[in-house]
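One chain is shown next in structure tokens, namely the form predicted on its own.
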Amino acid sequence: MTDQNVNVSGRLVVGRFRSARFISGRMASNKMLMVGGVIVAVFTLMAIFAPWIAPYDPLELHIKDRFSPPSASFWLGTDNLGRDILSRLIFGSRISFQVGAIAVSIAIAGGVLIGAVAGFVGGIIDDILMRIADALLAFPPLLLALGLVASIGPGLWTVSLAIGVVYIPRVARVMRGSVLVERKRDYVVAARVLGQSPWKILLFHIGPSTISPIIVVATIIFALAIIIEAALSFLGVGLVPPTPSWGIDLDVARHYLHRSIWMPLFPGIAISLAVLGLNLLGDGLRDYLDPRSYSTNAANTGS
């Protein structure tokens, strides 16, 4: 009996090791996932450890060093008030990722709830919820967010709330489509036959099967939230100066293009890299979480 237990334990350990090696191999072979993950990880670490890695306070003025080019003292130069551009970029990543995280949380929470109810219940409730979603989808995201922020007022939380509300209908559409597909599966029919309650079926059976598309959509919304926050701040209705925001820095820099090319250059590069990393991460996760991709790789590994 003891030998059998040892053999079973050994097989489990070997099986887990092979599964972990296979998963890590799939991740390593997915170049978009790896590159996007590295870029997002770098910006995330910048946002978390901004007070410790920034060389200066982002609001500290060095009047004598206004419009200084990149140098040993100021690696990315200074702006019109002598503030260190690198420090503002580092703290700007914290603002952008805070807005993105809050907006994604709001969009996912509201969209998943609405989409799950609409797709699972159906009927008149589905029609009403989806017509409201269609009405909101008729507005361009930036225009709708601009209107919401203008009516509520500027600030980090109001911008995040506005962006999150804008993308609730899009998440609801994705969630509804996933629920409509999953509720016809055999395991859902079997759960109903066994007498399980509808909400238990939705929460414990259908819900876990819809996580993959929601994760991918979350990365896309995160990237769009960074862009919209920068656009709103650039237009003067987002965050309030002198907050170290990439959009605010771009707005200030456009007045001094004739004196300093590095003022708009580096915030623009930061926005582009952050959005690129999130898009690559989303595309990589989409391929990684695709069951068809898993089956193909498993077949190739077996052969």
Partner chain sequence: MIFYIVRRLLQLIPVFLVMSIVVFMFLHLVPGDPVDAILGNEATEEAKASLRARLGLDQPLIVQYFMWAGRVLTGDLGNSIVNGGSVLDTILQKAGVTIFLAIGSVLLSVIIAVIGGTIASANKGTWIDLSVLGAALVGVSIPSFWLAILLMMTFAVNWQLLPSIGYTAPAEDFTEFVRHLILPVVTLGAIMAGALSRLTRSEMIDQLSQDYIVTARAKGLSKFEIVYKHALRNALIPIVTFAGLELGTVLGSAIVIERIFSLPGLGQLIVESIFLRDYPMVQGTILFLSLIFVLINLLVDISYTLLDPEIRLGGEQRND
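Just so you know, these numbers come straight off a predicted model, no measurement behind them. Positions refer to the first chain, counted from 1.
The same protein also has a form predicted together with its partner chain, omitted here; what follows describes it.
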Exercise for the section: Spell out, yes or no, whether the shortest heavy atom distance between Arg131 and its partner chain in the predicted bound form is within 4.5 Å. Expected result: yes
Problem - its partner chain contact at Arg254 in the predicted bound form, heavy atom, 4.5 Å - result: yes
Practice task
May I ask you to state whether Gly123 is within 4.5 Å of its partner chain in the predicted bound form, using heavy atom distances?
Solution key: no
Handout entry: Contact of Leu203 with its partner chain in the predicted bound form (heavy atom, 4.5 Å)
Key = no
Practice task
Only one of Ile39, Leu33, Ala50, Val275 comes within 4.5 Å of its partner chain in the predicted bound form by heavy atoms, so just point that one out.
Solution key: Val275
Problem - Residue among Pro242, Pro55, Pro70, Gly268 with a heavy atom within 4.5 Å of its partner chain in the predicted bound form - result: Gly268
Completion exercise
Testing 213 to 221, 110 to 118, 181 to 189, 134 to 142 against its partner chain in the predicted bound form with a 4.5 Å heavy atom criterion leaves exactly one stretch, namely 134 to 142
Handout entry: Within 4.5 Å of its partner chain in the predicted bound form: residues from 217 to 254 (heavy atom criterion)
Key = Ile227, Ala230, Ala231, Phe234, Leu235, Gly236, Val237, Leu250, Arg254
